[in-house]
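The chain that follows stands alone, in the form predicted alone, written as structure tokens.
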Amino acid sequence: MTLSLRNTGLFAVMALMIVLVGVMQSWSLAFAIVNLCLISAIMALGVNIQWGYAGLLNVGVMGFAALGGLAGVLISTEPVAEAWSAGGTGIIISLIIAVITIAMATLVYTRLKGTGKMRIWATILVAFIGYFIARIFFEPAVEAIESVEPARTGFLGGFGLPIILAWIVGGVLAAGAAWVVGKISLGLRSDYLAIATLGISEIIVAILKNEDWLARGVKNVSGLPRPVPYEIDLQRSEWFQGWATSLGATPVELSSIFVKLSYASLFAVVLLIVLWLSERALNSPWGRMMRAIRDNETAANAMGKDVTARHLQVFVLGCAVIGVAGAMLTTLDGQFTPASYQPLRFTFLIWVMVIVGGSGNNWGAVLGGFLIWFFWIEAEPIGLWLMDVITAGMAEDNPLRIHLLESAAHMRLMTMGLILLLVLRFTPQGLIPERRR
């Protein structure tokens, strides 16, 4: 069997499993899984750009995804006029002071002559003075903003623009945060980057949970505008009711499927664009250079390549892709819930997608995104069916039977571990390994 035929067969099996969900459970659930698989595949591509291309260990995937979700709120929600009147000016002034402080601290550090300790202490002094001045304007403004109808708003709101624009802005926000992290930690040992990304991810999520003026914190922002029609609008339209009748389906059922298909079409376009760009980059001289740096940094450095600059470049690109996926996830959910971003749990899941699919292969990352998220969703019903079959001969009130059926919900993590172990045992380089040229 040729390699291309084998890869096509793997994707065909994945499609067949989704079809089986539609036939045996419901098509609405099947298309819901497809949407989440598409977003997961984009996130896996972002991690693959960092790890598969350059060997960079990013353990803070969810932090950059959360910045993408924040972009959905800042772009799509309507501005809260009362909140802006109460404290918007103070927020703007404090942000301007923060920017001036950063610029002054940088200027002092780079221009001040003298011993290293003098430069460091002078920079720290400038930073502290700017910080306390900014707090003078920031704290009263935050208190005033959060007191404006806290049950309904209590934040500044956004720009009231189409939410699709948030996908681009989410990538920009994540790329900006990645640039800051990369400038600090890249060029040091690889474990420093892992620690820095995990730390910044926890910091980002903590800020989003606690700064209510920004995105309501743990109160969440719900009812974000959609780029696709609403089910209730479809059900009320005469043409849709007639279409549902002609297909032998109810308007309620068909409207749910139609909306999910609309989302899937948008997400598939983004996935294809990211995949095409990733393949172009991987097969270009830039991609060959990145793989050379990944395989032997010392040799690449000796050949005149700026390893640190290239690492920063690929790290920012990968985080930008993750930020886009984060904005898409918020768009699909229709709400922004900072508490749902669990850096370690879901970062592990994205890494499993990349490893199982095939590190260094973009098509492998896509397959891994589909496969792992499919089993993450379906592990519980499959486990419940399996436990029901195993305990079929037991009495209804048998304690062992009750325990096994109640434990089916915990099949997810065991399933992920089992898949990872099987793939690492039989195909250590992933289901679709990297092509060595």
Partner chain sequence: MEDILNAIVLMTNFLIVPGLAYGSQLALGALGITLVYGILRFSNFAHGETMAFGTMMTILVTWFLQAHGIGLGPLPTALIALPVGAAATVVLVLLTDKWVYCFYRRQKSPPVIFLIASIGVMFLMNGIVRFIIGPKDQVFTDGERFIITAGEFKQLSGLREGLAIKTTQGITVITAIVVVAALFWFLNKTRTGKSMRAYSDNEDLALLSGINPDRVVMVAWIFTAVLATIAGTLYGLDKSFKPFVYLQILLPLFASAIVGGLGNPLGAIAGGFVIAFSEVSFTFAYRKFLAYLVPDGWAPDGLVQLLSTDYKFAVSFVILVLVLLVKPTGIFSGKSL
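Residue numbers count along the first chain shown, from 1. Note that this is a predicted model, so its numbers are computed, not measured. By rigid core we mean the largest C-alpha set that fits within 1.5 Å across both forms.
Heads up, the form predicted together with the partner chain isn't pictured, but that's what we're talking about next.
Undergrad: In the predicted bound form, which of 93-101, 251-259, 340-348, 292-300 comes within 4.5 Å of the partner chain (heavy atoms)?
TA: Selected stretch: 340-348.
Undergrad: Using heavy atoms only and a 4.5 Å cut-off, determine which of 133, 268, 195, 122 is in contact with the partner chain in the predicted bound form.
TA: Only one listed residue qualifies here, and that residue is 195.
Undergrad: Which pick from 128, 276, 230, 239 sits with a heavy atom within 4.5 Å of the partner chain in the predicted bound form?
TA: Exactly one residue meets the criterion: 128.
Undergrad: Would you confirm whether the three residues 33, 142 and 145 all fall within 4.5 Å of the partner chain in the predicted bound form, going by non-hydrogen atoms?
TA: Not a single listed residue reaches the partner chain in the predicted bound form, so no.
Undergrad: So in the predicted bound form, is the partner chain close enough to residue 39 to count as touching (4.5 Å, heavy atoms)?
TA: No, residue 39 is distant from the partner.
Undergrad: Does any heavy atom of residue 84 come within 4.5 Å of a heavy atom of the partner chain in the predicted bound form?
TA: No, no contact at 4.5 Å.
Undergrad: Within 4.5 Å, heavy atoms only: does residue 374 come near the partner chain in the predicted bound form?
TA: Residue 374: no contact with the partner chain in the predicted bound form.
Undergrad: Report yes if any heavy atom of residue 191 sits within 4.5 Å of a heavy atom of the partner chain in the predicted bound form; otherwise report no.
TA: Close contact exists here: in the predicted bound form, residue 191 approaches the partner chain to within 4.5 Å, heavy atoms only.
Undergrad: Even though the chain is shown alone, can you say which residues of 211-227 have a heavy atom within 4.5 Å of the partner chain in the predicted bound form?
TA: Read in sequence order, the lone residue that approaches the partner chain (within 4.5 Å, in the predicted bound form) is 211.
Undergrad: Answer yes if the CA of residue 421 moves 2 Å or more between the shown form and the other one after aligning the rigid core, and no otherwise.
TA: After core superposition, the C-alpha of residue 421 moves 2 Å or more between the shown form and the other one.
Undergrad: Checking residue 159 here: with the core superposed, does its CA move 2 Å or more between the shown form and the other one?
TA: Result for residue 159: no, shift under 2 Å.
Undergrad: Please state whether residue 243 has a C-alpha shift of 2 Å or more between the shown form and the other one, with the rigid core used for the fit.
TA: No; residue 243 is a residue whose C-alpha shifts by less than 2 Å between the shown form and the other one when the cores are overlaid.
Undergrad: Regarding residue 424 and residue 57, go with closer or farther for their CA spacing in the predicted bound form versus this form, the difference being 3 Å or more.
TA: It is closer: the C-alpha separation of residue 424 and residue 57 falls by at least 3 Å in the predicted bound form.
Undergrad: Closer or farther: how do the Cα atoms of residue 422 and residue 16 compare in the predicted bound form relative to this form, given a change of at least 3 Å?
TA: Compared with the shown chain, residue 422-residue 16 is farther in the predicted bound form.
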